[in-house]
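As a starting point, one isolated chain is supplied in structure tokens, in the form predicted on its own.
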């Protein structure tokens, strides 16, 4: 389980902002005159970035490596491990750029670099869209550095994270039922998720999230406009 406190800061992002970080990383790779033969995108966070960077760099060789580290929103499963190995010979003799969304401890991308190098790749470099100051590993290319630790909610796992966050604040607040206003209040109190900031990044999504939480039987509507956690 996570060793994080119940209350921690979250930052919600959108596609446009993340796309701009992909461009920044690609610009740095070009300035460095590094010409990778293949991009290895770490699943699942690196998939979007991997495809975008292929486009920016004019590449068509993209493969994936599945790392297991986080099992839920801010919940670590321990040391990063390889779940789905890459096909034999997929990087042999090739210069490789490994890409992930974020380096928190840096353990996942460091382990990925070791794994790729062990498969007789050529030059191996690493990149992340964002780098937290908590990371003990510094990638070769970074879209931006974040000075303050925060759980970053990316657009490709927005619903997944928000289901975890909302169910978590409902359990912590321990009330019989919650309106949308209550949920927004507790997201702000426990995770510094500002309503305006959330609406700018991901507008008009709260109803969608609650509907999905009902479908997954995480919450149930007790009265019109109010929800409770399912026991």
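Note that this is a predicted model, so its numbers are computed, not measured. Numbering follows the first chain given and starts at 1.
Same protein, other form: the form predicted together with adenosine-5'-diphosphate (ADP), not shown, and the subject of what follows.
In the predicted bound form, no residue of the candidate spot (36, 62 and 141) has a heavy atom lying within 4.5 Å of adenosine-5'-diphosphate (ADP). When you look in the predicted bound form, the only residue of 91, 103, 124, 112 with a non-hydrogen atom within 4.5 Å of adenosine-5'-diphosphate (ADP) is 103. Interface membership of residue 152, defined by any non-hydrogen atom within 4.5 Å of adenosine-5'-diphosphate (ADP) in the predicted bound form, is confirmed. Residue contact with adenosine-5'-diphosphate (ADP) in the predicted bound form: residue 86 places no heavy atom within 4.5 Å of it.
Proximity of residue 132 to adenosine-5'-diphosphate (ADP) in the predicted bound form: non-hydrogen atoms within 4.5 Å are present.
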